[in-house]
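Just one chain follows, in the form predicted on its own, and it is written as structure tokens.
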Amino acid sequence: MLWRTLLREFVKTRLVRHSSTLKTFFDETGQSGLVLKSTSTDIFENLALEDWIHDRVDLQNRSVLFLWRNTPAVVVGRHQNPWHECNLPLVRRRGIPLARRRSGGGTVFHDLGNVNITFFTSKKKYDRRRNLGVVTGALTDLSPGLNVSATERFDIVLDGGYKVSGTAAKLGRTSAYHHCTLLCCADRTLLSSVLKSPYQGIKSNATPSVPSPVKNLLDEDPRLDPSAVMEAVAARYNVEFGFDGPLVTVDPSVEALMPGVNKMAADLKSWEWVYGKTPKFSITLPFVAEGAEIVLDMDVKDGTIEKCLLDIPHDWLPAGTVDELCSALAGVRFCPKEVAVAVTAFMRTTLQGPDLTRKTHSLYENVVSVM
């Protein structure tokens, strides 16, 4: 029945796209509760749709459930430090997008084996405990013997110890949303690899993630695949809140349907948001270059090198050269490509002789190793 409704509503939304907006569609349905399912697997498009619903839809007398999945992506919380939370070199090598969401909470890995569930309500009706009851109820509807429960931290655990869902929220002035992940058949090997930072010596007041052992639901019961879970969550949501709203598929890339959503996605993808919103941090790195013991101290603010100090033996590299190099790095984005450009310009305009060039290049390799 649910999938027949989905098909009918998909046809309806196809018509709406040419003559109206999703906001108008919400108003015209007259439903107090609606279930949306994204046709996109792009992390930035789906996060943008969350923002669009929160910002543009009147949620005072309406609730919305949003179901979505992504191809592999790492998502940090609003107040987190990605250098501390994940293996950025591996993320870059694998071409995995890094995103920063608007909500708080810890860092998560998404892939198509993970289901994302967002509950939109008015701020007055915001209730994470009840929302998680919808999720656990849906899981036990599919697998009656499944031992799943919500914790005091608003995680969902399997058999009392294995985390299968993390949770985060955003509370606006009048509206709110609570979203959670659900590990059905995620790539746990990749998950554990990308969520393990290789960096040492970072000092920050950013919100740290709390590591937990995880497990896939599909390992417990083959009925708990992503499609079945999404359908069960939608059905349980309607039962729990007394709704009979349809399941509507939405393409979050369609600007005509959601005016402004593409700019929201572009903003979420920007370097200024993903890295530039990192809370101020410092990094201290002792290393050895060509037998010389060196210590790097850096302060990074808004994703940009604010201060750079290199403690280097004067007989290895002249103090004046060291000071000039540190000055050249100040104001540069804390990322390998931009530091490479700055160091290359410094070497071309300042250094003389192969010895200084070789040593400066050695310094550069160690400095970018923390980026």
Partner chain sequence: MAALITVRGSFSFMRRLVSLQRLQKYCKSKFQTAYLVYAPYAYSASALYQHRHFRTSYAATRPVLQFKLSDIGEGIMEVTVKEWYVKEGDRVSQFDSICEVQSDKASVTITSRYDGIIRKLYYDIDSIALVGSPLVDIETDGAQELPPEEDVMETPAVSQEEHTHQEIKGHKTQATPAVRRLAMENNIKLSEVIGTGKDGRILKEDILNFLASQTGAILPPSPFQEIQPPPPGPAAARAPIAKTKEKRAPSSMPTPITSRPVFTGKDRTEPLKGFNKAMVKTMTAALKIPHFGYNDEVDLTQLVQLRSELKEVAESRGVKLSYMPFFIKAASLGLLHFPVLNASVDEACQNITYKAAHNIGLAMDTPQGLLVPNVKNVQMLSVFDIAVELNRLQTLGSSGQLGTADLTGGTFTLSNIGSIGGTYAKPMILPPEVAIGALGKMQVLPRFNEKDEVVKAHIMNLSWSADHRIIDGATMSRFSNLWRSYLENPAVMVLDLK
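Numbering follows the first chain given and starts at 1. None of these values were measured; they are calculated from a predicted model.
If you look for the form predicted in complex with the partner chain, you will not find it shown, but the lines that follow are about it.
Residue heavy atoms within 4.5 Å of the partner chain in the predicted complex occur in exactly one stretch of 142-150, 78-86, 226-234, 245-253, and that stretch is 78-86.
At a distance threshold of 4.5 angstroms between non-hydrogen atoms, K196 is out of contact with the partner chain in the predicted complex.
Among residues of the shown chain, K359 is not one whose heavy atoms approach the partner chain to within 4.5 Å in the predicted complex. Taking non-hydrogen atoms only, Y126 approaches the partner chain to within 4.5 angstroms in the predicted complex. At the 4.5 Å threshold, heavy atoms of V261 stay clear of the partner chain in the predicted complex, well away from it. Although the partner is absent from the chain shown here, none of V157, S192 and L296 has a heavy atom within 4.5 Å of the partner chain in the predicted complex. With the partner omitted here, the residue from C185, L171, V214, A292 that has a non-hydrogen atom within 4.5 angstroms of the partner chain in the predicted complex is L171.
Distance criterion of 4.5 Å from any heavy atom to the partner chain in the predicted complex singles out G104 from the list G201, P97, G104, G133.
Residues of 307-340 that come within 4.5 Å of the partner chain in the predicted complex, judged by any heavy atom, are S327, A328, A330, G331, K337, E338, A340 in sequence order.
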